[in-house]
Structures are given as structure tokens and as C-alpha cells.
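Let's start with one chain on its own, the form predicted alone, as C-alpha cells.
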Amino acid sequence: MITTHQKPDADAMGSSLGLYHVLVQLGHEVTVIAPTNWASFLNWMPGCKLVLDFENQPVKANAAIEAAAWIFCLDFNILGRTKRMEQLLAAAKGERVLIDHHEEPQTAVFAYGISNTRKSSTAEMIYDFIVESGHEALINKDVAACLYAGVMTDTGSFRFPSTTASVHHMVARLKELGLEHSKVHEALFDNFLENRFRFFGNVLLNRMEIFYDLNTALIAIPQSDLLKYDIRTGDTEGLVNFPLSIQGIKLAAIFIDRGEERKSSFRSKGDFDANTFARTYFNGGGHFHAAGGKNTESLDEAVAKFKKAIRENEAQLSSYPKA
């Protein structure tokens, strides 16, 4: 069985399906389970229609968890990131294998594996796993497309600092093995509805606040906006990066009222640690320059908490070098 974090992104789904296609070729019986639904722009991935949504297919998913001898846990390192699957995974008989690149893993619950923060993405780690186990010959076009989607999106189309030489070597090899990269880009980035762009326009015009003295940008989105523009899972992907492109901005944050909880995402530049910030104030974590969190307070309370938090970090945020 292969599983990943709730609301899986392209790296989570791409690494899961890339590993799935290789294990099937090796003769294994494999089930991929996502803890929740995922963005429709991931449905193009080969094998995606076979993935079980735990919330919508709990009977099948429970049976697969109970039957699994091996449980690969990809792109998360704390069982709580699987939402309602957490207790089932903790009680499962199968050996849990961790393959992830986030900080501070819950090591006690995994029998094998690694959380390697030096890696760009879980997709890159799955590529390494396949190659180093002697099975590079099993990387076909389907595997290549899934892994490329993961590494390309998690590196911000290869612009983030996590884009190492090994990432480019990986992509070059995938191209040699038949990867059609332009089709992946089209499927991920040229496949949205008009309402998403109108929603983005409204957010940038009416929901964005800039704190120039702290080199910080904040976006706070009420649930009413999500309903007005019929925003679905995945439609807010990448929105937090827009204010980060403003000259001088060192920290960008977005808070979204999802009804049952407020979800937050943080992106940073330079020496500001978004991971520590998310863990300290918003029950979250992630990477040094990209992290997320959640809380049950109201949107107004979450925003007030954020404004207080950035004041507490004024020494770091206000020190961004001027041009």
C-alpha cells in the first residue's frame, strides 16, 4: 500500500504513482490511498483513477490498509498529516516505510526509510530509490511523467534553492527515457477554469495586505470568497507565491477559511525560517522556505495572531537588505 498526506499535491501524487507503476511491474499487488480528495488538474496522471479517496471509499481503503504487508508513506513524516487515516495507520500490521523530505520526522512509527531535507522533492527520492535498487529499466513514460510532475512543481519550476545539480541530472535522464515534459506542464498549468482567475484577481485586489516595515505580505481569504467563486481543491495552489514576488518582500502568508479550520501557508526568502515560524505559531511545519499550518480559531483571530507573530520576529523580517 502507498499513501501520502491529505489534499495531495503534484509531488505527493506523482511520487506515489511513480512508485506504484514500478512495484506493479515487479509483480506486487499495490493500492494507492489518498487521505482526502485532490485537485482535478492531477487526474491526468497515469493510474490516478485507481487511487482510493479514503473519505469517499473508507471500506475499500480500510481493507487495503489491513491487508498491506508494506505501507509506503510518501511526502509526509508525521502520521497526523493523513487526517482520519492516522489511527488506522498507527494500528496497521504492515511495516511502515518512510520516504520524505520534510523536517523533524516522527521516527518511532516507521520501521524503515528516511526524511532527507536535502532533497528537492519526494519524487526525486523515489527516482533515487528506483535507480539505486537496480530497477532504472522500469522507468517508462508513465513513471517519468509522474516523477517529473513532482520534482518540477516542488522546485517551483526549478527556481527554488532546492534545485540541485542532481535534480537536473534526474530530469535529463527522464528525457532520455522518453519524458514529454511539455505535456506535463500543460496538464498542470493550462487546465483551469475562468472562475479561478477571477478569484485570483479579487484576492490580489481586495484581500492582500502589505507590511512594508516588516517586508511581509498577508492574504486572508474568507469562506464567502471560496463559495462565491466556486473554488475547489487545488484552485488556491500557488497563490501564496504571488506576493513573494513583490520587491523586498521576505515573508508571504496566506490564510484560508475552510469552514472547519483555517489553513495557512508561508513562503520566505533569505534567512527567514518559515518552518520554525509555522511550528511555533500555527501547529505546522515543512521546509525552511515553504511551510504550512492550521488552527481552529476564526479567520480574524488567526490574522491577529499572525500580525502579532511578525512583530515578535521584527528583528529578522526588517533586516532584508535594501537595493
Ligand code: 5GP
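Numbers for residues come from their place in the sequence shown, where the first is 1. Here the structure is a predicted model, which means the values were calculated and not measured.
Only in words, not in the display: the form predicted together with the ligand, which the text now covers.
Asker: Might residue 78 be said to contact the ligand in the model of the complex, defining contact as any heavy atom within 4.5 Å?
Answerer: Judged by the heavy-atom cut-off of 4.5 Å, residue 78 is in contact with the ligand in the model of the complex.
Asker: Can you work out whether residue 265 and the ligand are in contact in the model of the complex, taking contact to mean some heavy atom pair no more than 4.5 Å apart?
Answerer: Contact with the ligand, yes.
Asker: I'd like to know if residue 34 sits close to the ligand in the model of the complex, meaning any non-hydrogen atom pair within 4.5 angstroms.
Answerer: Flag for residue 34 set to no.
Asker: If we define contact as a non-hydrogen atom of the residue within 4.5 angstroms of the partner, is residue 269 a contact of the ligand in the model of the complex?
Answerer: Contact with the ligand, no.
Asker: Out of 62, 276, 283, 40, which one falls within 4.5 Å of the ligand in the model of the complex, going by heavy atoms?
Answerer: Of the listed residues, the single hit is 283.
Asker: Please identify, from 22-30, 46-54, 285-293, 63-71, the stretch that has a heavy atom within 4.5 Å of the ligand in the model of the complex.
Answerer: Among the candidates, contact is made by 285-293.
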